[in-house]
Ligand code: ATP
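Take a look at this single chain in C-alpha cells; it is the form predicted on its own.
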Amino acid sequence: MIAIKNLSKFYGDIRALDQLELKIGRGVIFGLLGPNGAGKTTLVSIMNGLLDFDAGEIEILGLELKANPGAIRRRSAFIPQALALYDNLSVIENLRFFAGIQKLSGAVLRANLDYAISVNRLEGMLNQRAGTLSGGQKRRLNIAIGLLNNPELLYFDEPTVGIDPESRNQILETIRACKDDAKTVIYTSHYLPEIEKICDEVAIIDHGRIVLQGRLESLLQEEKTDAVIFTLLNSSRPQLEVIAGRYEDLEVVDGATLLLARQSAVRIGHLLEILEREKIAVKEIRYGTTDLEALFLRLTAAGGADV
C-alpha cells in the first residue's frame, strides 16, 4: 500500500526527514506518532503531494508518487485538523458543492453521498446550516466531505481536537467503519489513549526518522515496563536536567515530565524530596505504566521536544 525508502527533506540547513523508511499495509488503521517538530506534518504533507522532497522513493497504492500524483490523489483523501467547509451553506449543500469540485455525478454521486452521510450519521441535519452545527457535528461533516470520492486511503490529522467526549467517540467509530469498508487509515494524534483504542499498527517518528514500528499489541507486550511518570507544575527543562543528572535511570521528557525507568520506593521518595526542595509541584504520578504513553515517552525523551 505505502512504501517509503530513504526519504529526506531539508528546510535550508535543517533536516526535517532523515533517510526515513516506512511501510504500511492495506486495510489497517495506522497511527503516526511523534513529538512536535519530529517530522509528522512534513511526512504527511509529502505523502499527500502538498510538499516536495529532496531525496528518496515513495510508492503509494502501487504507484510512484512523483510520476502519478493525480492518480494517487483521486484514490485518497486528506482530512485536515482545520475545518474545510462553508458555514453559510447547509450540510447537503456543502456535500454537493465539494462533490461538484470532484466532478462527481449520476449514480456515483448518489452512492458516494449516501455513503458519506450514512457513515457520519448526518441524516438528521442535512438541511441545517453548517454554521449552526456543534464542534463535533462540524468534524463529522468535515470527514464526510473527505469521503466523497470513496477513497482507498485516508489521512486523518488530529480529527478530535477540541470536541467533547461523546463526539470524540462518534468520530472514532466512523474511523473504525472506514477500516471495515476495506479502507486504509493513516492517523496522527497527540492523544495517545485514542491511538491505543483504534490503531492496529503504529510508527513513532523522532528527529525525522522512524524509531519504532510494528503492530501495537506486540509492541506493548515487548515493551512492558515498571516505569514511573511524574507530571509536574511550575518546572523548566534546564531545572529538571540538573535533577536528572543525579540519577542514571531518570530521563527528562520535557519541561513538565520526568520518567523514572524503574519503580523504587527509596528513589521515588528521594526524588519527591528534591522536587519539594526545588519548589516544583507534582501534578500526577503514574506507576507501572505499560501503555503506549510510557513507550512513547521513553523513545522520545532524549529529543527535548514537547509531547
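Just so you know, these numbers come straight off a predicted model, no measurement behind them. Don't overthink the numbering: it's just position in the shown sequence, from 1.
Just so you know, the form predicted in complex with ligand ATP exists too; it's not on screen, but the next bit is about it.
Undergrad: Counting non-hydrogen atoms within 4.5 angstroms of ligand ATP in the predicted complex, say which of 20, 24, 16, 292 makes the cut.
TA: The option sitting close enough to the partner is 16.
Undergrad: Ok, 68, 264, 41, 239: which has a heavy atom sitting within 4.5 Å of ligand ATP in the predicted complex?
TA: Checking each option against ligand ATP in the predicted complex, the one that comes within 4.5 Å is 41.
Undergrad: Is there a heavy atom of residue 56 no more than 4.5 Å from a heavy atom of ligand ATP in the predicted complex?
TA: Answer no; every heavy atom of residue 56 is more than 4.5 Å from ligand ATP in the predicted complex.
Undergrad: I'd like to check something about residue 11: if you look in the predicted complex, is any of its heavy atoms closer than or equal to 4.5 Å to a heavy atom of ligand ATP?
TA: Contact check for residue 11: yes, within 4.5 Å of ligand ATP in the predicted complex.
Undergrad: Test of understanding: in the predicted complex, would residue 35 fall inside 4.5 Å of ligand ATP by heavy atoms?
TA: Flag for residue 35 set to yes.
Undergrad: Answer yes if any heavy atom of residue 190 is within 4.5 Å of a heavy atom of ligand ATP in the predicted complex; otherwise answer no.
TA: Output for residue 190 is yes: heavy atoms within 4.5 Å of ligand ATP.
Undergrad: Of the listed stretches (59 to 67, 242 to 250, 270 to 278, 41 to 49), which one has a non-hydrogen atom within 4.5 Å of ligand ATP in the predicted complex?
TA: That would be stretch 41 to 49.
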